[in-house]
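In the form predicted alone, a lone chain appears below as structure tokens.
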């Protein structure tokens, strides 16, 4: 493991902790897209099919369990918690995310590194993760106002993807057998999606004002 991957894992973990803090401490999921959280749940379930068959390290196994468990816990809380679910912005979170699932799965069937059950689902998870943030960004754009915890959640999530791009670049130049070009391309797509959000987040921080996205 290199420092870029470790930093990526830690910023991803922080983003999850920030989101859990918002949901469980404030008993509110206002400003959070259930569609995005469901997509992330699908991403991790599809990616970690090897969880109980291939052991790499304790760290690797724990992180997989954390990502799967936290994603499913957030989805459950937003759907079924008697207090939290009342704050869900159902009328704003209307992105048809099942189109993303279907489109990414079809793409994975045709564009993959090896045609096997696990590799196709791995490619599917990579493609889906690249666009999973879309419902969240659209929800924030529609609502206009973004509270600090939600803004920090998206910020750390973007930092996680940025560190992983550096990880893939580092591995490309240091590992002879590294060929995960699909990851690199999807990472660049995600970077483009986050760039606009980061700009407005920086402006709000600089002016010590509440984050507002253009309608």
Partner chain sequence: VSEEDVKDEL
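For clarity, every value in this text was computed on a predicted model and none was experimentally measured. Residue numbers count along the first chain shown, from 1.
The same protein has a further form, the form predicted in complex with its partner chain, not shown here; the description that follows concerns it.
J.: Spell out, yes or no, whether the shortest heavy atom distance between residue 164 and its partner chain in the predicted complex is within 4.5 Å.
T.: Within the cut-off, so yes.
J.: Just checking whether residue 127 would be counted as a contact of its partner chain in the predicted complex - the rule being heavy atoms within 4.5 angstroms.
T.: Residue 127: no contact with its partner chain in the predicted complex.
J.: Would you check, heavy atoms only and a 4.5 Å threshold, whether residue 118 touches its partner chain in the predicted complex?
T.: Residue-level check for residue 118: yes, a contact with its partner chain.
J.: Going by a heavy atom distance of 4.5 Å, is residue 35 a contact of its partner chain in the predicted complex?
T.: Residue 35 lies outside the contact set for its partner chain.
J.: Heavy atoms, 4.5 Å, its partner chain in the predicted complex: which of 92-100, 72-80, 109-117, 133-141 makes the cut? Say which one.
T.: Of the options given, it is 109-117.
J.: Report yes if all three of 5, 67 and 122 come within 4.5 Å of its partner chain in the predicted complex by some heavy atom, otherwise no.
T.: Each of the three qualifies.
J.: Mind listing which residues of 25-58 have a heavy atom within 4.5 Å of its partner chain in the predicted complex?
T.: Sequence-ordered list: 47, 48, 50, 54, 56.
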